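Given next, in structure tokens, is a single chain: the form predicted alone.
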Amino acid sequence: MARERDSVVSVIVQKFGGTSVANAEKIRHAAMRAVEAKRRGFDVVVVVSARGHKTDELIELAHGITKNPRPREMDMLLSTGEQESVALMAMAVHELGEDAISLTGAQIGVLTDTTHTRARIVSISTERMKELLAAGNIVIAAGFQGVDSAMNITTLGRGGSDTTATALAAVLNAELCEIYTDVEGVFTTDPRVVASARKVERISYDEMLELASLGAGVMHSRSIEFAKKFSVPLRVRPSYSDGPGTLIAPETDEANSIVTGVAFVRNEALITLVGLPDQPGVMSSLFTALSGAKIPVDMVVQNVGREGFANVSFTVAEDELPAAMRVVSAAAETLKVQSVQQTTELSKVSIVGHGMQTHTGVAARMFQILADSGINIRVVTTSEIKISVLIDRTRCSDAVEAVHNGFGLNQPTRTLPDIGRSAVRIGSSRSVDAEVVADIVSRLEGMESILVSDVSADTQQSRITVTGLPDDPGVARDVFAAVGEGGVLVDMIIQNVARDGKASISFTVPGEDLERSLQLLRPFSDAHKETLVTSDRHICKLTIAGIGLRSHTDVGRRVFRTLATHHINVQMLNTSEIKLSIVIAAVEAERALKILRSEFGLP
């Protein structure tokens, strides 16, 4: 019988990863945390991963049977790891004197699409969980899994248990979602690479989204997508101690530092299409092909075209290169591209931080640090809170340490207080408005579908392009040092792969600063006789903002298809997890804004 309550009880979701439930002792320790939370007055939902190495054992077993197991059967097999964990966790809670019940993804009511091994959540039912919580149970939920409309078991892919936990916190309007792991929290970079890496006390959703998508392995970006969409406070905490961990929440009004963290991806491959016709419809054809093959692309770069042709580069994970090359090669024949080139043995190094939105010279400083270490930059892309560079893989660790320490991330900083919802403070209680819960649940149909929150057009910027640059370390530093020393705030930076030993860099500046920027660059261009500095004050920067834009390749397809249909040409392009930035002619600004907002159902 359900216990009587004087008021609405707040929900807390706790997620325990594989290393946190690896053996009986660790399972008992995790169960104690859940019981302690319940005895403090919370309703508790625990999401559990498969025990450490269990998934790897199952995969190895499957490959001992067949080299090509069918995805449906792999989902059936791998889901058993979480089922083992939830049953053991429920038993541990029982031994501590509390009621608990273990549930599979299907029993919870996690409905997904039909994409086996990397399914996306369509909806989650809350009725059964709420009944069990009201009856006094701690609900032990299997992470990483769900069921499709035909009752086939599905799994959510890498980071699936984090995604399950955050999604459950969203549908239950939880006060907090705690992610217990084998590290102290989110660090300024990987402490295994940089010994002086420090724990971050608080980080914004956008910063964490960028870091997660750029290679930071603490949390998967899909779980951060849920947290931002539904305002779920996350706290990444160590499972082995009572440390406070790191709070992931909305950004504060005051930036704690210019750069929050440094992320890296070691195994990147670069594909470059040389001599792509610089005309409407070309990018649409390319992205349609990539989207159809479900190949996630990153660091998409298109610099300003010359003599009717443009070069477009993008990175893929190195193990995706063969599949991507098949798609691109077929598209290149149709588009009459001059050549398609691939480069391996590359790494991506990125800095992320809200502070760079209001500070000049951040790019110049990063490029200075790399130049001082003799590290050459192949490709550059940026967003308002991120700068990413592509470098030789052999210098990845050197670059990460140099940039990390160069921005002072190895130095202590003051701790920002928790602000926002009372949910951030464990032990708080609040009344949950039934209409709020109903609204959240109503929006969960297609809860992992594409989310474009805004499309904006900025015609107050100008574009500067520097071509004929020697492909040497320090060139990017010199360009942006000249501009940065003049106090000009640079926005969109693009450096594509060098051709014939010469590199080109394009960037945007406020229109009112164009002439001053050109004057600041004159000594540089005078010293490099082969360089050419050109500009255009009549541009529009389109910004498509949302969540998961990098992983949702269909966003790019829709954007470029819409622009191509209306004969609007793309002059420059770069991407990030939360924004897609495109430069077009200023005369097309109003029309482009109207058609893109219509395409994504925005007012």
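Bear in mind the structure is a predicted one, so any value in this text is a computation, not a measurement. Just count from 1 along the sequence shown to find any residue number. Definition used throughout: the rigid core is the maximal C-alpha set that superposes within 1.5 Å between two forms.
Keep in mind that the form predicted together with a small molecule is not shown, yet the notes after this line are about it.
With the partner left out here, check for me: in the model of the complex, does some heavy atom of Phe144 sit within 4.5 Å of the small molecule?
Taking the distances in the model of the complex, the answer for Phe144 is yes, it comes within 4.5 Å of the small molecule.
So, Ser161 and the small molecule: in the model of the complex, are they within 4.5 Å at any heavy atom pair?
Judged by the heavy-atom cut-off of 4.5 Å, Ser161 is in contact with the small molecule in the model of the complex.
Although the partner isn't part of this model, could you tell me whether Thr55 comes within 4.5 Å of the small molecule in the model of the complex, counting any heavy atom of the residue?
Residue-level check for Thr55: yes, a contact with the small molecule.
Using the partner position in the model of the complex, report whether Ser49 sits within 4.5 Å of the small molecule, counting heavy atoms only.
Heavy-atom contact with the small molecule at 4.5 Å: present for Ser49.
Residues in which of 279 to 287, 153 to 161, 396 to 404, 312 to 320 have heavy atoms within 4.5 Å of the small molecule in the model of the complex?
The contacting stretch is 153 to 161.
Note yes or no: does the Cα of Leu77 move by 2 Å or more between the shown form and the other one after the core is superposed?
Shift of 2 Å or more: yes.
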